[in-house]
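What follows is a single chain, given as structure tokens, in the form predicted alone.
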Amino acid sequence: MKFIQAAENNKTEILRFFKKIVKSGDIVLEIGSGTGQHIVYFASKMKDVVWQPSEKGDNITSVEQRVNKAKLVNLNKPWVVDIGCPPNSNQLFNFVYASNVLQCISLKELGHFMFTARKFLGNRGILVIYGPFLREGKYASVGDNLLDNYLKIRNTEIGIKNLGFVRETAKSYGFEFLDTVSMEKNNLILLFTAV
């Protein structure tokens, strides 16, 4: 199974946040589960919540392996979800969550992401986005600058997104901004509600 140290480093503080807003019986869809480290950890610590992992088809093996190994009754089998062509499903979730996804997609794909997130949220459902963001076009840290440069070497169309642009894009896809929560290492959680 793939392993990302950064996911281990931030999973505890994100869990603390979820424990404040997610209630018993809620269902959470994660878009871009990656290695599955976050969602398996959350499901093991919040067993009264149902967790639905998802990942692109060419990257789903690791999350499948981790989910199968965990054997948690509140952790569903991963879905294949490509934000450019979301699955034809009418299932709605209380929360849609994504961690460190936005810097790995293009500006065009940001619209696809918001469309997909809105598709799976009922009215007043909550979108939770964790990661680094530019503040008025400026990096929050030297580390963010280095990360952005690294990402752009691999693909010039991706990179850390401007906070204001993300908020405006979300608004155009049927979301109302709720709050910005400061996290460790200059990362943020952005909260939106579906309207």
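This structure is a prediction, so every number in the text was calculated from the model and none was measured. Counting begins at 1, following the sequence as shown.
Same protein, other form: the form predicted in complex with a small molecule, not shown, and the subject of what follows.
Note that among 119 to 127, 101 to 109, 88 to 96, 69 to 77, the stretch whose heavy atoms approach the small molecule to within 4.5 Å in the predicted bound form is 101 to 109.
Contact with the small molecule in the predicted bound form holds for none of Asp148, Gly159 and Leu188, as no heavy atom of theirs lies within 4.5 Å. The single contact residue among Lys152, Arg135, Lys47, Lys56, judged by any heavy atom lying within 4.5 Å of the small molecule in the predicted bound form, is Lys56. In the predicted bound form, no heavy atom of Met1 sits within 4.5 Å of the small molecule. Shown alone here, Met114 lies farther than 4.5 Å from the small molecule in the predicted bound form, counting heavy atoms only.
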